[in-house]
Each structure stands twice: as C-alpha cells, then as structure tokens.
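Both blocks below hold the same protein chain, though in two forms, and each is given as structure tokens: structure 1 and structure 2.
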Structure 1
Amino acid sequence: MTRPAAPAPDGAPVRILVCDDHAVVRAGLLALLDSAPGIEVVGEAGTGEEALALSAKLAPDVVLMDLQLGEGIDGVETTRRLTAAPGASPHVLVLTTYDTDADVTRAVEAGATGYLLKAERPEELFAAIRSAAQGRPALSAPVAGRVMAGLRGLRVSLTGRERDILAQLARGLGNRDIARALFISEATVKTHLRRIYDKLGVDNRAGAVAVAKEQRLLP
C-alpha cells in the first residue's frame, strides 16, 4: 500500500505490544504491522493480565490496546496499571471499535496516549503509533471532532472512576465482584455507587444501569 522505501524517522524501530482478545484481529494486526516500516511487533496478549506481564518483560515503546477484553480486567484498567507502573511505562494507544464519549474519557483518564478507531485507515494507525512512541497524543478524526464539539454530549459529568464502576455494574456484578475487578475495597465501591446514584438521580443499581444505557454512557 505505501512505499516500503520510506524508512523509519529514527534508527531503531518502534517496539509494539498488541493486546486484543480476538485472535483473528490480533493476527491480522500483526500481519498488517509487519508490513509497516519502522514498526516491530515484539509481543501479543489476549487478556489484560497477559498484557501487564508481557509489558513488564518486554518493555515495549507502545501498547496497542483494545478496550473490550473478554475475560479478566478490561482495557481501561489494564491501561491504568500499565501507565501507573513504576519506571519506564509504555505509551498506550487505544484501538477500539466504538467511540462513545464515556470510553474516550475513561481511556484518557486512565493514561492512554491516543485513541483510534478500528475504522481508521491503516496509514492513520501507523502514524498514530509513531506519534505515540514519542508521547505525542493522537485522536481519530471523528473522536477529536466529538471532543472539540464539546463535552456537550456529556450531559452527566461522571468521573472516570465512576464510569468504571458503572461499567461493571452493567455486567450485573455485585459490590464484592466489582471491588475485585477494579482492585479496590467494597467500601470504595459503595462510596462511588452512592455518588453515581446522586448524579444520575436514581437510588438503586437497576435504575443506574437503565439511565446509563439510555444516556449512552456505556459501550
């Protein structure tokens, strides 16, 4: 597609770790990135836990992260832990299917360097990876548009953590399981829930989920 003659701007290639729970998508990305000059895939992970372990071992420049991970911790939590890690943490480039406001803000607050849609052209992906490797933020055009166009879409201003809680809530988890999923105590979960109820104008979890789905605060 692009000329292979275009060399990487820097001597060393950008070292990438790919994290996506879909094996086919992962394999496709690997094949695609192999064709890109100046980009080298050094590992692949199918779960958040795997990504954390591999990142610690491989120290990649950039982690390409899908927000929707089937089992275990989700992409946001993985991103949070990746970027919060002591020492040289990788830049996380979120590559996902959806562009809901909640997702973008949660990802950015968790420390993501960029947010790309899978609908993007491959060239955009390559460019974003090279940007991310240097810590320069990158947003997909439609996403950037939304962000510019105002948090107008964000009628309810939930904090990042509150949205995390809400996401787990919508999976039907109890407080204990939410706590485990996010590595916090049940007491903290309850505190967040209380604030969420206040902000959404409800007084129980069923109502919160209903409002969240209605306002499209969730994926």
Structure 2
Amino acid sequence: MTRPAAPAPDGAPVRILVCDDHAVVRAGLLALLDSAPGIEVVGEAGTGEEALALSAKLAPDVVLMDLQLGEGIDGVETTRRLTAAPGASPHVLVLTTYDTDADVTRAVEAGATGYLLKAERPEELFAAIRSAAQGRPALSAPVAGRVMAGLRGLRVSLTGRERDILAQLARGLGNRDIARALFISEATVKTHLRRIYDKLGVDNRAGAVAVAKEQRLLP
C-alpha cells in the first residue's frame, strides 16, 4: 500500500531530490538550496526515469519536479509514478515556468503536493519545500486561485466583515493597520483572517488575495 513519506523528525533536514532536464538550471537550484538551512539535496536527475530510480534508492522527503523533461516521460507522469510507488512515497513539489489551468490540473491530479513557479523568491521556495515535506499544500499565489476554484469547484461565501478585511489585505495593510481602519481589535482581525484562510483554502495573505481576485471577491 502506498503511503506518503513520514515527516522528517524535528531538527532533521528535509531531504531533496531535484529533477530538471536543464543542467544549468539544476546547478543553480543546487547552489541555492545549499544555502537554505534545514534542507539537504541528496540527488539530482535530468529525466523522469532517472528520478524514479534515484527516488527508490535515496528515499527523499521531497522531489522538486519540473514538468517538461525533454525525452522520456514528463514531469506529470513521473509524479504519478512516484506518488503511486509501493511503500513510503516522497512528496512532489512541482517547480516550473508553466502555470496554465491544464498544467496545474494534471500535476495535482497526478499527486503533486505543491505547485510553484520558478519566478518565486528563494524564501518562498524554501518555505514551500518545508510545507511539502509535511504534506501541506504549497502553491504559488498566481495559481492558488485557479486550483481552488477550478479543481475543487469552490464557491466561497464571506461575511461582510470578512470582505472588509480582505479588501484591506489587498491594499497591503498589516493586522494593526487593518484594525485601525475598521475600528476593531487586532485579535478580532486575526480571528477573521483564520476564517478567511479556511474558506479560501490558503495559508497566507498572498494566497488569500490571489484566490479573492480569481473569484472576484474583491470590489
């Protein structure tokens, strides 16, 4: 029976396998990930077939997966096989330049835990890797809305106050400034934010704004 790899114990680094068919891109990723605390690259692959073989041998926590892999099986099929492999399977975090609805849908349906764009800042990539290692969804803000609305058919219903707070989020205001603008306490703002995140299926401010724009929840 296939099951996700167990989360790394506290203090243990997240073990990463990088799969990208461009050697220069892989080299850049390896150099970048080497600078990240708590992350250890255990292998690199240039094809889907190589990623499957190395994953079986090295048992990484997360496979960082490009979608387009040149010859051989693509990133989606590789993801499907990785997550369906017998025993403990790694979490797959897609890292790509492609963000069409079809690409996102295929990757998530294949079992990807997260979907990140290569244009993201390094700290966003590091955070997404750690989230994926725990089995938590990690999505780039630009694609979060489409994933939630398109794949899950989500129809979100927000209260008037939640819409007010969401509008302030879209302006880039912090909790204290939102509280002042709406004449409520910071604790109340935090409570509403938790409810907004739950309803939108996100875990951060950027994701909430992205989903809100996608579903036209903002004025």
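By rigid core we mean the largest C-alpha set that fits within 1.5 Å across both forms. Predicted model only: the values in this text are computed from it and were never measured. Please note that residue numbering is based on structure 1, beginning with 1 at the start of its sequence.
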**OP:** Working through the pair one at a time, identify the form predicted in complex with the DNA and give its number.
**Re:** 1
Original post:
Cα of Val24 displaced 2 Å or more between structure 1 and structure 2, core superposed?
Top reply: no
Original post:
Cα of Thr188 displaced 2 Å or more between structure 1 and structure 2, core superposed?
Top reply: yes
Subject >> Core-aligned Cα shift of Val202 between structure 1 and structure 2, given in Å >> reply: 37.9
